[in-house]
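Just the one chain here, laid out as structure tokens, in the form predicted alone.
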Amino acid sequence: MKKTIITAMIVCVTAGSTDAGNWTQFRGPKGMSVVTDRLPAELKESNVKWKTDLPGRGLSSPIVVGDKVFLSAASGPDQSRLHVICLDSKSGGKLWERQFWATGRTMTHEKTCVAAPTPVSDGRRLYVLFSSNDLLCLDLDGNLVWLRGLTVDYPNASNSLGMASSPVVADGVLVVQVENDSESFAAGINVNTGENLWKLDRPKAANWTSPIAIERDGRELAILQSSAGIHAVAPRSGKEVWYFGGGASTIPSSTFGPDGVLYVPANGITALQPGSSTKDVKELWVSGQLKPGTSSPVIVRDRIYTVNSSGVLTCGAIKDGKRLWQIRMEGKKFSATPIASGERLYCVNEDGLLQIIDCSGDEGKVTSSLALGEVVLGTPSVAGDAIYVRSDGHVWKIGG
């Protein structure tokens, strides 16, 4: 198999932590968008601890490891200059920045950009994927470990709208979905070398969902979602463990709840009970009333929350998918997935209005909001009792 990989020697890599205080991937711990941190109960200007300039466009979420905040960005007329940035979480000051030239296609829809996928960290290293299919591995001090141009190896692996799937680390393997209308695949990448451990052909259809890692029967599985349905694979071998057909969304991603149920954006929301094989997978319920837009579902205790593209927040019961209530939040367009903390949801609309929804009553209620004044499409992140929100031009730390 042809692979183009550039590796770099590292003098020292200090093992980090993946404790609950960190936010190491898209949608945070276990990809659930749920935190136990005590976030601000009210939003006001004094909650903004810092605001830092960014050098280019980006829809990717910040991730946080210890006292470091990592982001990706893309700049230049054709977004061919790729940036990986590290900020100090306390001050917002830049600790380091690394720049690279894109080796793959940088054409995207005007609403998205090359820095759309969110980076992921295993606590020791940082793995950054761009829409150009450039995959970078750096240590937490910014030293290059390896880089790989996936489009060099697989020239037709792209689409005209841009790629947006965020990678995940499952059972020590970096899992990427590079799915499109032509050369569509998923791969398990050796985190030490950047080489393929396995590669699977995937449905030839544009897909912007992100893989997630779930634990089942004492082992970790990677969940791959596409228009064909759900595939659960063993991260180290790529071997299929189970499959559920019937189709699924190609934009919002599935969420694995604390009840061990997989909530899939399919025909609205489909609740699946995973099994040890395909025949053991059970469809628990399907609810068209809970259909999300761009954002992924959020599970909090016995409730599921979804947001459609027009800002309608729907609350349902996880036992049967029955809709409990709906409210319309402030703003006309929403892309980001909400963050849940206790009885509150924190949502940001595309106009950059961050708002708190109190879900403790019989119906949700917007109780506070803060206008950031810039377009925000990416999902917020949380670490150390603070919310991190980014636009193309800035990243804010709110609370903490």
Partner chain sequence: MKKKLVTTALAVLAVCQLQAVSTAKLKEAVATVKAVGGEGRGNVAASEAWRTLSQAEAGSLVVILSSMDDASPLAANWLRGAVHAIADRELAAGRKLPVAALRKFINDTERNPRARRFAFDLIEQADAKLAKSLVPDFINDPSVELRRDAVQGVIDAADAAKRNGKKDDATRGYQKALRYARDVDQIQKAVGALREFGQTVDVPKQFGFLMDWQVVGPFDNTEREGFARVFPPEKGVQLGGAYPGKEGEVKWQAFTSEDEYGLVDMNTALSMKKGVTAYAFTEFEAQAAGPAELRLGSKNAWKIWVNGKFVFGRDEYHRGKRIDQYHLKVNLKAGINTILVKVCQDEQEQPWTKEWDFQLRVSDSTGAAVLAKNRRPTPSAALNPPKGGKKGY
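Note that the structure is a prediction, hence the values are computed from the model and not measured. Positions refer to the first chain, counted from 1.
What follows is about the form predicted in complex with its partner chain, which we do not show.
- Stretch-level contact analysis of 280-288, 150-158, 306-314, 220-228 against its partner chain in the predicted complex, using heavy atoms and a 4.5 Å limit, identifies 150-158.
- Comment: its partner chain is not present in this chain, but in the predicted complex one of 191, 107, 234, 200 has a heavy atom within 4.5 Å of it, namely 107.
- When its partner chain is considered in the predicted complex, only one residue from 80, 294, 326, 267 comes within 4.5 Å through any heavy atom, namely 80.
- In the predicted complex, at least one heavy atom of residue 100 sits within 4.5 Å of its partner chain.
- For the chain shown alone, residue 196 is a contact residue for its partner chain in the predicted complex, at least one non-hydrogen atom being within 4.5 angstroms.
- Among heavy atoms of residue 242, none comes within 4.5 Å of its partner chain in the predicted complex.
- Using a 4.5 angstroms threshold between heavy atoms, residue 143 counts as touching its partner chain in the predicted complex.
- Residues are counted as partner-facing when one of their heavy atoms sits within 4.5 Å of its partner chain in the predicted complex; in 195-218 these are 195, 196, 204, 206, 208, in sequence order.
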